[in-house]
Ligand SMILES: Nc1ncnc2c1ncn2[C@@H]1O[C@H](COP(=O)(O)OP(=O)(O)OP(=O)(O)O)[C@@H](O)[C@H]1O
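What follows is one chain in structure tokens, specifically the form predicted on its own.
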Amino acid sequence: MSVEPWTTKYRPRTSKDVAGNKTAIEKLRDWVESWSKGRPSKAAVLLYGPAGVGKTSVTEALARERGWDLVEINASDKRSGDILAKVAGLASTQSTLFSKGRLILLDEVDGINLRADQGAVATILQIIKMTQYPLILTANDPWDPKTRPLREACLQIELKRLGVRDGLPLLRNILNQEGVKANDDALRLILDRDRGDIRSILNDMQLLSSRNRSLTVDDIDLLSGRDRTESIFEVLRIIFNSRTTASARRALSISDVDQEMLFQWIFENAPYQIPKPKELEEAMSALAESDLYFGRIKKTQSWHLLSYALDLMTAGVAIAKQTSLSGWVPMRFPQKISSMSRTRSIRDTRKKAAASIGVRSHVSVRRAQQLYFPLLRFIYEHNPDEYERIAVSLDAKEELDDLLSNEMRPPN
């Protein structure tokens, strides 16, 4: 059964469906509507803001709600002056079929390479001058010197990151439709961790809810032990879609996810993201070698081997994958991390009880678990009164009661 990405499923249908940035979107809507009275003084808008705030989505929504054709050119793909002149130039002047309206979108104009794309800026300026239809340019960084002429020729409108006030109702509504329960603390944490990037937020929520039908703060913490520079979804996307070793290894530099945790994410998702058996075999071989290096590092503290482990689990996997997926396949949460999450409280209780026993018995926490737990488990089952006396004397009764009662409880 195919799974639709939430970023597509919950893409706003109209501009009023876009969460946040109400003033900016109203300004953009007024500018679009002003074309009904003739060409305005500023025939183009520079819509700018960080990635994931909805620049493309709101543009698509504006065209959709008016029944207009949307002519979209991704400036990160092909943006030479000649191509822009042929495609965007024609779109800005020729009449549409059946006299429908038209909205032109030039995405990521701050990605223009002046050396490779000679004449691109001049061509865009000419299109702005000649266009008979609304023209929207988008940029993550509008202050790049090379885009200064475009800034001056456009009406500038900024979209900001999604905040808590607008974000919480949006996330609650989406999770309600998906039948997923979540508390507000968890939603606030994911808004903060993904820095208001709605694309990353939706990807992370879909990923986490695939484990169970609820979201808690502990679930969000599983994505990373500390603030991330990129969502784990984006990191994995880079690794599984890179075509060069440098690009794949870049995933390490944009994420603060623990290296061994990242290994678990890659290992879990490789069988689903690499469709060809031969390519999967090569990727899993690279991961197996990486795991050997990690084991060697732990055993001998030979940290000079770390680069080999990291290269194998990122570049090794990326190079192995040569065939693209035919459709979208969701990332899966690692079973090992899920298991560790479910047993976290039990493991914490074991350590706390072992620490109390160790202090009174003059042994390490590890030795306390090995030597005392089997004996205490036997006494707990066969002589409750004697167990009670020993547990109290070890000052670990509460922890031992919780631990042993859980272990003795029959499975559901």
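Here, rigid core means the biggest group of C-alpha atoms that superpose within 1.5 Å across both forms. Start at 1 and count along the sequence shown; that's the residue number. The structure displayed is predicted, hence computed values, not measured ones.
Heads up, the form predicted in complex with the named molecule isn't pictured, but that's what we're talking about next.
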Report task. Check, residue by residue, if Ile112, Asn173 and Arg243 all come within 4.5 Å of the named molecule in the predicted complex, counting heavy atoms only. Result -> no
Query raised in the report: Of Ile124, Leu162, Leu137, Ala251, which residue is found within 4.5 angstroms of the named molecule in the predicted complex when only non-hydrogen atoms are counted?
Result: Leu162
Report summary line: If we test each of Lys298, Arg148, His304, Arg213 for a heavy atom within 4.5 Å of the named molecule in the predicted complex, the one that passes is His304
Query raised in the report: Heavy atoms within 4.5 Å of the named molecule in the predicted complex: which stretch among 44 to 52, 357 to 365, 377 to 385, 62 to 70?
Result: 44 to 52
Query raised in the report: Taking heavy atoms only, is Val18 within 4.5 angstroms of the named molecule in the predicted complex?
Result: yes
Query raised in the report: Do Glu108 and the named molecule come within 4.5 Å of each other in the predicted complex, heavy atoms counted?
Result: yes
**Report entry** Non-hydrogen atom contact Leu202 with the named molecule in the predicted complex at 4.5 angstroms
**Finding:** yes
Report task. Examine Thr56 and determine whether its closest non-hydrogen atom to the named molecule in the predicted complex is within 4.5 angstroms. Result -> yes
Requested in this report: Can you tell me which bits of 348 to 373 touch the named molecule in the predicted complex, meaning any heavy atom within 4.5 Å?
Outcome: none
**Report entry** Is_shifted Arg296 between this form and the one not shown (CA, 2 Å cut-off, rigid core)
**Finding:** yes
